[in-house]
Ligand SMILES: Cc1cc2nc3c(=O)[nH]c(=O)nc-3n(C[C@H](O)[C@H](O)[C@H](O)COP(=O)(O)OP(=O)(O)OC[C@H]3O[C@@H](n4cnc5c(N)ncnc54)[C@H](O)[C@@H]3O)c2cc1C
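Just one chain is shown here, as structure tokens, and it is the form predicted alone.
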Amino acid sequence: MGSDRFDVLREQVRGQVIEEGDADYESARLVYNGMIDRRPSAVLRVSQVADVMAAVRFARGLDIEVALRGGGHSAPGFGTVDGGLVLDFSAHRGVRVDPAARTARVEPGATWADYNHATHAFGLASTGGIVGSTGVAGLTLGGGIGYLSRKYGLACDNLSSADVVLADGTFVTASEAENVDLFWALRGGSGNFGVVTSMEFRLHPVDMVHVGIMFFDAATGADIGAAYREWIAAEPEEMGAFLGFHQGPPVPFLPEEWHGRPVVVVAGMWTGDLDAGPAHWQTMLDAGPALGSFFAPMPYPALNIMFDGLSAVPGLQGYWKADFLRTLSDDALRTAVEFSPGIPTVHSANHFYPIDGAVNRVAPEATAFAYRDVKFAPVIAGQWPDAADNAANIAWVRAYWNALHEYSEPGGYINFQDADDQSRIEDTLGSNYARLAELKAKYDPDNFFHVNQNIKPAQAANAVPSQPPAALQAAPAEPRPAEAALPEATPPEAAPTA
């Protein structure tokens, strides 16, 4: 059941165009956050790069909004839009590994579980997310914090090139060798500069790791947190572990009487010599009476998906807040303990991720991610199943964030922010915001890509009317021959994969 206007798009693409009334529409419009209930005019399940180029020109011609969906995890629901066109990359999850060069070429719909599965076959990895079903592209464009951050930097620090369809429908590659300013902006500027259709990453030797998970009574969280703060600062960068406040999960190594009660957790991995792993966890195990613990060698990808069953459940209601902390102060820890009894459900989490080590060794101006002199990135991720609880649980997240923000930096990690954090965008991008606004004016002067934590083009601040470039005003209905021949991401079958 298609409308006339989207029949024009169908003639220009190879992917499936789904409209309201089509059999797949209801499933196609959904994202992970069940609180997001938007109804796009159409969803394009992208088949190839040529589809993206045609869709961008088509949407510009009709003056409709475009949303980009990779993993679909965006808490604010930026992977969909009312009345607009969604470009859905969920079918494009290929990962092509070159073990000799230690690189991985990744398609835009790939998740970190896909990526880690492919690279682990060669004993390689790079910094990715804490949850396996998170999209590689979205996380990387916002920076990309993970267990390997202290050792190998952010995900964006490991990005070596990206293929991008710009706001005028043209295709470019951004790297240290070409379109260098765009490459700079992509590494932390989120989805503001174009549609990323392929990414290449540098890989590092990571295979089996020594995993540790320890639970303590949340009432002791200030003491445990202080011990964690000193321990993680003293540990070699091979240790990647976060501090968190949760409801006790139903896991066999936590006594049943603590299931659903407030707990503090230290979880992560040691990537050095496996035999040395137990000794590196011992300081935290001795920090207080542990309610339960788990230690074991396991493949790195197994840790990356370990918490998916709790925190990455499609359809949960979700509302998130984030900050940066120069240090994990006693005041911040007391605030976490104070609010821990109100943690909404076992699906919710308050984590403090360490971003010292290799993250701090990158200069603030080297990439768009400017916060290179802080030590922790806290997130308050409220998630729950029943929409009837939305008002109360959102109020808890906001009250907690307001209390914690007193001890935080002005900005917060862009991937952990919600839709009402748009007013913080200049603080979040910090010293790099002005340059990003100038590059936005260069690559997307009309702010076509604005369904995101949005960077306004620089000229918008001066209230100068913005007109599309002449090439856009007269864009042809059919792709030009030179564009049809542009290179696309190498299919995953072309080289060894996993």
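All values derive from a computational prediction rather than experimental measurement. We number the residues from 1 along the sequence you see.
The same protein also has a form predicted together with the ligand, omitted here; what follows describes it.
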Candidate site Leu139, Trp320 and Asn415: all three near the ligand in the predicted bound form by heavy atom within 4.5 Å: yes
Heavy atom within 4.5 Å of the ligand in the predicted bound form - residue from Pro378, Gly221, Gly79, Gly382: Gly79
Selected contact from Gly212, Gly72, Gly248, Gly169, since only one has a non-hydrogen atom within 4.5 angstroms of the ligand in the predicted bound form: Gly72
The ligand contact in the predicted bound form: Asn158, any heavy atom under 4.5 Å: no
Exercise: Ser311 in contact with the ligand in the predicted bound form, heavy atom 4.5 Å: yes
Distance check, Asn350 to the ligand in the predicted bound form, heavy atom within 4.5 Å: no
Touches the ligand in the predicted bound form: Asn432 (any heavy atom, 4.5 Å): no
Contact stretch among 176 to 184, 256 to 264, 385 to 393, 189 to 197 - heavy atom within 4.5 Å of the ligand in the predicted bound form: 189 to 197
Residues from 119 to 133 in contact with the ligand (non-hydrogen atom within 4.5 Å) in the predicted bound form: Gly129, Ile130, Val131
